[in-house]
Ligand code: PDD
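Next up: just one chain, as structure tokens, the form predicted on its own.
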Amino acid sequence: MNPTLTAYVNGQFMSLDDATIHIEDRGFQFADGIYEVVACFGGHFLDLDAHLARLQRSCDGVNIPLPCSLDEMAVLIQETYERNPYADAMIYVQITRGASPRSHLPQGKLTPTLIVTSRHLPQPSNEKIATGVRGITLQDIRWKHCEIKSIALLASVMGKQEAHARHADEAFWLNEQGHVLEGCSTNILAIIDGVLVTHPLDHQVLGGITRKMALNVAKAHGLAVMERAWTLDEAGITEMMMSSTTNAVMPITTLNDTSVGDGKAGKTTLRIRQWMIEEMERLRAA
């Protein structure tokens, strides 16, 4: 039996089954909104302040006013977690411009729609960690403000479908210069000549909170880190990995049907993953 889930919608908590928004909400009509996903381990949130700051930046980037203060948002996130049954959870926050008669130009002063929900935080199996993930690359077809965490994710949905059709786990975007940017729902990093490399943050890449954690733990343990543009044909690539809320980091062992390095989960990748898990366990035990 599925547990009873509770959602926060526009000022009140209610059963997820009863949660609805107006048919003319601009999130539904135009994907006119932004979102955040926060990981929670046993009641302790992973870098909540960074998530809230990114939420503010995304709202500012599309000119949607925050429906409440960041302190109030933190309280709503906490209460949503407490009202749902999962010890380890993903708290999803979505803000849209609100509901109004369908017109590209918003009519009058709108009241933003705010939704907060909770889901179980899945963990990859030990087998999947050992074997790694399969990836493909695609030419980037997304809009030019990927630093905004927009709900307009059709390109990523299409990328995930293409990856699935090709028996892969994730699709990674390449720009016109062939630079490796990020995945449909992940960031991507590589070990190149012993250095942890990932594309710098700009309009082509979302600043993933887990990406930031991976870079921080690598630096803390003495691993050289460089944020720069990189391509798949660089001679010194020995490992690749992807990062996300649900994965920490996961080794990429196959890309476009070609083995990455020796085709096995990279030793440095697994070390970074272990360092991140230790950080998460410290949160859970706090």
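Numbers for residues come from their place in the sequence shown, where the first is 1. Here the structure is a predicted model, which means the values were calculated and not measured.
What comes next is about the form predicted in complex with the ligand, which is not displayed.
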(message) To verify the annotation, which of these, 206, 163, 129, 93, has a non-hydrogen atom within 4.5 Å of the ligand in the predicted complex?
(response) 206
(request) Identify, from the list 244, 58, 29, 254, the residue with a heavy atom within 4.5 Å of the ligand in the predicted complex. (result) 244
(message) Counting any heavy atom within 4.5 Å as contact, can you tell me which stretch out of 110 to 118, 129 to 137, 80 to 88, 180 to 188 lines the ligand in the predicted complex?
(response) 180 to 188
(request) With heavy atoms only and a cut-off of 4.5 Å, decide whether residue 210 touches the ligand in the predicted complex. (result) yes
(message) I'd like to know if residue 37 sits close to the ligand in the predicted complex, meaning any non-hydrogen atom pair within 4.5 angstroms.
(response) yes
(request) Taking only heavy atoms into account, state which residues of 36 to 56 are within 4.5 Å of the ligand in the predicted complex, ordered by sequence. (result) 37, 51, 54
